[in-house]
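So this first bit is one chain, no partners, the form predicted on its own, shown in structure tokens.
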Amino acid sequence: MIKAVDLKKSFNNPPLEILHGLNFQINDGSFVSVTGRSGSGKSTLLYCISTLDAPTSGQVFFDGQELGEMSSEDLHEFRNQKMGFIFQFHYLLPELNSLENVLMPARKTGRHLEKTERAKELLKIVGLEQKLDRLPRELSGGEQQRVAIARSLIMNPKYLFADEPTGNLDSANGELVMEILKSITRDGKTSVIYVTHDPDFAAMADHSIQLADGRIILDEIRGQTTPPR
């Protein structure tokens, strides 16, 4: 479970506050959309709760553990073991094939050999079992993003964060990517939190968080709406 308490984020000097004291909770196994107009704070919120950026103030808890109390070494280990990340651009290494790219997070911890079969399984799940040895330049944009999804899952993360994962894809590939992401949550062990501007993809979520000017104006879990805050 993720819990944010009075989460604030400011930039520049004098400070410009982007997030204004947000409070919310994300249950395990949730498929969560974060929406809002450009500049509403969507990506900033995602980065703060995913440890890629530190909030200016407030607290973020994962399963009751407050991130601000972790040492940098513990936080790095937590990020590697418990989190996966998908971005609008796939960030695949151009000199590595699909299988090698998927195994990169495991290689960092010396576990790439034991994870090889899992990597092949993940590439099969995303429909690329016939393209294990293809370099990124030999794949379409949708295929490259699917390799990135497989890579994000190689360490079996409990939390998967995606920032506009369909932003560079056509509608057909975008729908395929979103269906893959939603399927990840069905075992109840992984939560997927994704930023999107597409209303159809936002509607796929079972938990919707909508921002306006850095404030939550909607926090809805399958029809159960909590007051804006």
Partner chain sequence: MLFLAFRHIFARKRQSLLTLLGVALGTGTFVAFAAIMTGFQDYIIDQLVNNDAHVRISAKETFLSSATFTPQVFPSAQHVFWITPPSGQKESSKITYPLSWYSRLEKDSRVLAFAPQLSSSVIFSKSGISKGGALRGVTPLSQVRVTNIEKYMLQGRFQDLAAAGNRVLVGEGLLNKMGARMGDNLLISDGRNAPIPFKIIGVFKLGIVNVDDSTAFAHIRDVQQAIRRPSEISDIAIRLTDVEDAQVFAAQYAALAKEKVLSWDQANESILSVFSIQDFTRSFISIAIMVVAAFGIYNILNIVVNQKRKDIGILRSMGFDGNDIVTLFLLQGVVLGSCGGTLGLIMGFTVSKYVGTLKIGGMMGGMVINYSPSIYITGFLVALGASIISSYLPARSAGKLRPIDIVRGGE
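Note that this is a predicted model, so its numbers are computed, not measured. Residue numbers count along the first chain shown, from 1.
Only in words, not in the display: the form predicted together with its partner chain, which the text now covers.
- prompt: Taking the shortest heavy atom distance, is residue 125 within 4.5 Å of its partner chain in the predicted complex?
  reply: Residue 125 lies outside the contact set for its partner chain.
- request: Evaluate residue 185 for contact with its partner chain in the predicted complex, applying a 4.5 angstroms cut-off between non-hydrogen atoms, and reply yes or no.
  value: Residue 185 lies outside the contact set for its partner chain.
- prompt: Any of the heavy atoms of residue 62 lying within 4.5 Å of its partner chain in the predicted complex?
  reply: Heavy-atom contact with its partner chain at 4.5 Å: absent for residue 62.
- request: Give a yes or no for residue 80: in the predicted complex, does one of its heavy atoms lie within 4.5 Å of a heavy atom belonging to its partner chain?
  value: Judged by the heavy-atom cut-off of 4.5 Å, residue 80 is in contact with its partner chain in the predicted complex.
- request: Verify the flagged residues 165, 176 and 197 against its partner chain in the predicted complex: is each one within 4.5 Å by a non-hydrogen atom?
  value: No.
field: Residues from 95-111 in contact with its partner chain (non-hydrogen atom within 4.5 Å) in the predicted complex
entry: Residues within 4.5 Å: 95, 96, 100, 104, 105, 107, 108.
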